[in-house]
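First, one chain by itself in C-alpha cells, the form predicted alone.
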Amino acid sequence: MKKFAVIGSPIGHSLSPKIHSLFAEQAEIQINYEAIEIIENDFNSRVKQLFEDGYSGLNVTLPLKEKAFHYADMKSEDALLATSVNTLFIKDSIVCGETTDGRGLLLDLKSKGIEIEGLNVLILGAGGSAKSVIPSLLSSNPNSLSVVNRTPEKAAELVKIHKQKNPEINQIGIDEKIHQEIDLVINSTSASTLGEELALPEGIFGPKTTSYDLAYSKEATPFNLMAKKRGVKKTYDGLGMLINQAALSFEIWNKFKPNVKGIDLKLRS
C-alpha cells in the first residue's frame, strides 16, 4: 500500500487526508494518507526520514513551502516561477518538487465562472501563498494584478520578480486610494483568520467585486464576512482550490485524474 502525507504546522485541521481518501475510492486503490506536524527547523531531517520510511509523496502546507522548494533537487517550471513547492515525490532516486496551488486556484475560479483574462485583480499579502499563485494568475492575462501588503518592501520585492515579463503587475500601498474597479480581490493573508486587524486600501471593494479567500471554513471566513459588510455579493473561500490542487497532486503520484465534482459538499457536510 502506498503511503502519503501532508506536512506542516499546525496540521491537525487539514482536510487533505479525507480528500485523498475520496480520490483513492474513485481510483479503486488503497492508500495510507496521514497529516504529520513538522516544524521548519526539522524539515530536512524529517522529510528525509519519511522518504526513507517508504512514503511515495508528500503534500506541503504552510509554513514549509519555501523549505520544500529548496529541498527539492529537481523543480518544475511552475515551482521555479513561484519559488514554492507543495508536492514532493521521488523519481529515479531524485527528489522532485511541484506546485499545484496556482493551477488549483485557476481551476476553482473557472468552475465558478471566473476567467482571469482582462480582469483587474488585487491580491492581499506577499508571503508564500501569494508567491504560489501569482505566476498562474499572470499567465491568464489579467488587465492588472495589484499586490498589497502591510510590509511594503515585501510587496515591492515580489512585484520586481515578475515586472519585467509582466508589466501588468504593480504594487498598491495600504494607505492609497484605489481609483479603478477591482473585479477580483484574493486574500492570501492569515490575518483575519488569526483575529488580526487587516488594513485595506480605500476603494478595494466595488459593486462588481468578487471576494476570494484562500482560507476556508465551514462558515463564511472572517475576510468574506467583512467583504459582505462592504457590499460584496459574490464571496468564495479556498476549499475548491484545496480540492483542485490536491487532485493535481494525486494525479502526479498515482497517474489517475480524480473527479472533483461534489467533493466540497462531502467535506462541508
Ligand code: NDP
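Numbers for residues come from their place in the sequence shown, where the first is 1. These numbers come from a predicted model, not from an experiment.
One more form of this protein should be noted, the form predicted together with the ligand, which is absent from this view; the next part is about it.
Colleague: Just one of 183 to 191, 161 to 169, 69 to 77, 90 to 98 has heavy atoms within 4.5 Å of the ligand in the predicted bound form; which?
Modeller: Contact criterion met by 183 to 191 only.
Colleague: Among the candidate residues Ala156, Ile178, Leu198, Leu138, which is the single one with a non-hydrogen atom no more than 4.5 Å from the ligand in the predicted bound form?
Modeller: Result of the distance check: Leu198.
Colleague: Quick one: of Tyr33, Phe43, Tyr216, Phe205, which gets a non-hydrogen atom within 4.5 angstroms of the ligand in the predicted bound form?
Modeller: Result of the distance check: Tyr216.
Colleague: According to a 4.5 angstroms non-hydrogen atom cut-off, is Ser146 in contact with the ligand in the predicted bound form?
Modeller: Because no heavy atom of Ser146 falls inside 4.5 Å of the ligand in the predicted bound form, the answer is no.
Colleague: Does any heavy atom of Gly57 come within 4.5 Å of a heavy atom of the ligand in the predicted bound form?
Modeller: No, Gly57 is distant from the partner.
Colleague: If you check in the predicted bound form, is Ala126 within 4.5 Å of the ligand, heavy atoms only?
Modeller: Output for Ala126 is yes: heavy atoms within 4.5 Å of the ligand.
Colleague: With a 4.5 Å heavy atom cut-off, would you call Ala227 a contact of the ligand in the predicted bound form?
Modeller: Looking in the predicted bound form, residue contacts with the ligand do not include Ala227, since no heavy atom lies within 4.5 Å.
Colleague: Of 38 to 75, which residues get within 4.5 Å of the ligand in the predicted bound form if you count heavy atoms?
Modeller: Going through 38 to 75 in order - heavy atoms within 4.5 Å of the ligand in the predicted bound form - the hits are Leu62, Lys65.
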